[in-house]
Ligand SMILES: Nc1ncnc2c1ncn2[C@@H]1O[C@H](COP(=O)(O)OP(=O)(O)O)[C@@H](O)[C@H]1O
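What follows is one chain in structure tokens, specifically the form predicted alone.
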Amino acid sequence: MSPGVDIEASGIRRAFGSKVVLAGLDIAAAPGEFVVVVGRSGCGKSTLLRLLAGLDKPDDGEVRVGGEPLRGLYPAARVVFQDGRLLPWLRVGANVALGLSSRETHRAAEVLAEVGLAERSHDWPAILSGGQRQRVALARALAASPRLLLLDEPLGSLDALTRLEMQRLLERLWQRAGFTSVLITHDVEEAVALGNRVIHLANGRVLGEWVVDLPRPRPRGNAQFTELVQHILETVMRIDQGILR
């Protein structure tokens, strides 16, 4: 049985003043599924992720996790943000162990080894590269053995090669642990490489959805991979252009 948890958002509306960011949105993920949400800047992706994490509340509608209404933070969820958000006054190992009980601190060393940074436990975050800091942020999230991992463009600021390495690492860790994951990204190729499903968010609603039925690891030079990326890109651009006119 997958340790992942099902999550469902129904009729979600969220506005900031007069600006409606999410307008009656419905989205769901099955236990252990990897769902990727794509869309332009300002379309509500990060707002959606905050609602799924329980960091914010919808003005209308409901988020349910494991069949239960979400009332505040879901204890078995973790969020990884674009900037890593490591505490600069704590060494790497202490950052990863943050929030763990004294009986669980061994997990910090275990997950640092999983992300390839076992030897950096005593280093300060400031001396790490951007990719290494994101690995530490991912290790910190995984140390708590989450059932739900929410990722808010965690690879967006990385160079192309580091980003590819992190995508492969994230895929391996997800396959091994079986948590449910929702990833926010601008990158359609990244979405197809990682997701079981790709969802297009625009104008506060889900306006497109694709099942990615390709073997893992996904061969990026494969014709099916390229065709699906191109199809999603063209569809997303056509929809977005229609909205922006």
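Just so we're clear, the structure is a prediction, and the values are computed from it rather than from any experiment. Heads up: residue numbers just count along the shown sequence, starting at 1.
Here the subject shifts to the form predicted in complex with the ligand, a form of this protein not shown in this document.
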- Item | Stretch in contact, per heavy atom within 4.5 angstroms of the ligand in the predicted bound form, of 204-212, 23-31, 174-182, 46-54 | 46-54
- in the predicted bound form, the one of R64, R218, R197, R40 near the ligand [non-hydrogen atom within 4.5 angstroms]: R40
- Task: Determine whether any heavy atom of H231 comes within 4.5 Å of a heavy atom of the ligand in the predicted bound form, and answer yes or no.
- Result: no
